[in-house]
Structure formats: structure tokens, C-alpha cells
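Take a look at this single chain in C-alpha cells; it is the form predicted on its own.
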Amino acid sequence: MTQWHPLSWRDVPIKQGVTYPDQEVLDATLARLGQLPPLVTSWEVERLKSQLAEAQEGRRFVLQGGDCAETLDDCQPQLISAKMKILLQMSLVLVHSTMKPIVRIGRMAGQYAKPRSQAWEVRQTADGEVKLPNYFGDLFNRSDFTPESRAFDPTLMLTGYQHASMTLNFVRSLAHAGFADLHHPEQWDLDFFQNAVLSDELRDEYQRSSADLSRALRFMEAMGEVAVDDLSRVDFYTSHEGLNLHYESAQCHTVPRRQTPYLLTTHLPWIGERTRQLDHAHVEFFRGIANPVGVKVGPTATVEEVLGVVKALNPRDEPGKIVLITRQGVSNVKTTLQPLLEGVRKSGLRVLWIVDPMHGNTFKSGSGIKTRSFDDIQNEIAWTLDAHEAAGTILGGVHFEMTGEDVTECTGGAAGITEDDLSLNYATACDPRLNYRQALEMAFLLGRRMRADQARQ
């Protein structure tokens, strides 16, 4: 390891990096970014870290979710409030089921970058075959398939910062002013519970759960219990993949009375499966910041690789610092996850385990549309819980790609979306997301399983 500083990542190899055409424009953009106010504060980061430490011990549970890739055009009040609404509703279901405080973390206010398996995209046009840089998210370039849109533009980092700031301002207003209707499940959109694909047993359980939650909250309100009001005035944290290290390092600052620098673009950055190499730029940058850091862990990861990254990012074994986000895929999780859990447990290192049941379960429909199966997502969660039980470790959270909108991007669930329905409202900028109904149903299913596990213990 080299001597760390906010730009030491430039001295080592980088995955998913891009080359900007104009160095002067890049330098001017980064200088301006470094002068702008932080998007988050160090005390917010420290509060999240303390809550993640409690989740490591099983005393809290993390719900992380949001868009696969935000777009600048999505910075609209109705879209932001819809994401907040579904996260808050899901968290209330999980509070009721687990009897644990829920840590709410949105994939938002900065999730403008997306790693790609290919650097270039080739399409057939009227003028023949055209090859352009791939779309890496609105922090790098734009999605329209034109040379102008696909050119890497450093000024988009300033635009991304501005939209992240506006999103955060609105999120904070919602979180602290309160969604007064959110702790009244009888007002939620639960009509999908009537779908014929649900068994009578499961439909009855959904309805009982929502009725029990509604009665419990109304009783607490009638008693003047302050905690109920707190349900609509919640801590809400942001997260994004820290892919664009120019953007991240420009907002890395040492704050008064603290020695270690903080990344102030988000509360919880994470390193992706494609960029977690121990001797590469992303681990180099994130090992030097005080924030908690997530690491995506796919089915090919070895115990040695994971332990090496954990030790590099958290050499003092600080509680609440490391979040390992497993994304094994439903076809691998039964064989690959338990040995990984056992290997990390035997090391004695403190980590928070979260499951991402989305990214390992993407496939193309018969018509060529990228999608995910509700059943695959549900099964990966269930089999991940099984693996943790067998390994003697704790699953401390879930990580979903989802939206509060009525999109048709993932198949299945009580909403009954089929492959033929995908084209009705397929709106994602990148990967398919659970829609409002599917996400809320997933919360009920997860709560049901966790409640059964607690009863058995």
C-alpha cells in the first residue's frame, strides 16, 4: 500500500475508468467541486456508522434500496417522494415483523454512475454499424446514442452534484416534515393482495399483518406515544456506488476536530463487484476515508480476496465500518455463500452482511428485454438466510433495486407481471427494478420469514 492521500488512487491501475478529452476542463470542474459545500456531514456519517455497528450485532436491520441508476431527469418531486414512500412503507412492515429499528438507506442523491461490462456499444443504423462509448450514467455521459451524448463530459459532475443537492434537500424535508399517512396501512395501495396467483393462506397473512400494524400504530397514537411520530420523522441516509473517483475525491475533506478525511458526497459509498481489486484505484481511494464502505461480493469471490479487501479498508477493525453486500445469484447461493460466511466469521473481523438479491438474477426475456424474476429474488433472500443460520452469522440487511412507480420491469409477484407485460412500462435507465407492489410484497415476505426465524430461536 502506498502513502494515502485523496489523489493517491491516480497512481495505481483503475477499472471502469474513462478518459476525458479536455484536461483543462476536467481540472477546472474538479477545482469547483472541491469548493462547493458538502452534500452530507461528518456527524451524519458517524451516526450511520454507529447504527451499522448495531446491525452487525443483530440489534438493527438495514433496508437499502432505490434506482439502479438515477438520471438527472428523475430529479422531480413526485419521483423522489415515491421512492421515499415505498422505502418508508417497507421499513414499517419490517419494524412490525422484526421488532427491530430499521436503518433506511436510499440508492439516491448520487447514483448517477453505472459500471458496464463493455466500454463500447455497437448498433446498426441506417448509415451502417456505429460504435460509440457505452453509457456509464449521467455523471459520465448521456444515454442518447449520438457522438455528442456519449462523449465523456467532466462538467456533468457539477450537474450531478447540483441535482444530488436538490434531491437531498427534498429528501430531508420529507424525512423531517413527515409523511403523515405512512403509518396507516389501511391507506396503502394493497389491491394486489386480491390477485388470484396468491394462495388464500398468504393473502390472509398479508391482510392480517397490515391490519395488525394499523391497529398497533393507532393505539400508540391514542396513547400519545412519541415514538409513533418518530416513524414519520426518521433518519434517512443516502448511498451510491463510488465509481467516478474524480467526483468522489473532489469532495473528500478533513473536517474540524477529526483526523481522518470524510467522503462528503454520500453517507455510504460502495465498491462494485467489478472494481474491488485489492491493488486497484477504488480500494486505494476508499481505504483512506472515515465513512462506512460497502463492498459487493459476487459468487467468484474467495475468502482470501474478501478478507484482503476488508483488512485494507478497515485495518483497525472498527465496528460499523464494513458492509459486505453479497450478490451470489439464485443458481449459486446454495453452494458459494456459506463457505464465504464461515471463512470471514473464523477471521474474527467485524463486518455487516447484507444481501443484494437483484444483480445475480438478471436475464433476458424471450423477446430480448433485460428482466429479473420475483421468485428468484425471493429465493436468494430465503437461501441467504439459510446460509447465515448454518454458518452462525447474522444477515443484517437487504439491498434492492426498486422504484415507487408502477413500472413493468421484473416478472412475477402478486401483481402477476409476465414477460409479455414488460414492454407496457419499462422505464429503467439501466437494470430492471421491483415496482411499488412487488417491493411492498417483498417486504411482507421478508418480514414473514424473519418473524418465523425469531419464533424458532
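The model shown is predicted, which means the values in this text are computed figures rather than measured ones. All residue numbers refer to positions in the sequence shown, first residue = 1.
In what follows, reference is made to the form predicted together with ligand PEP, a form of this protein that is not presented.
Residues with any non-hydrogen atom within 4.5 angstroms of ligand PEP in the model of the complex fall in just one of 379 to 387, 270 to 278, 154 to 162, 337 to 345: 270 to 278. In the model of the complex, ligand PEP sits beyond 4.5 Å of every heavy atom of residue 409.
In the model of the complex, ligand PEP lies within 4.5 Å of some heavy atom of residue 241. Contact annotation: residue 83 falls outside 4.5 Å of ligand PEP in the model of the complex, judged by heavy atom distances. Contact check for residue 350: no non-hydrogen atom falls within 4.5 Å of ligand PEP in the model of the complex. For the three residues 68, 114 and 359, a heavy atom within 4.5 Å of ligand PEP turns up in the model of the complex in every case. Contact residues in stretch 401 to 430 (any heavy atom within 4.5 Å of ligand PEP, taken in the model of the complex) are limited to 401.
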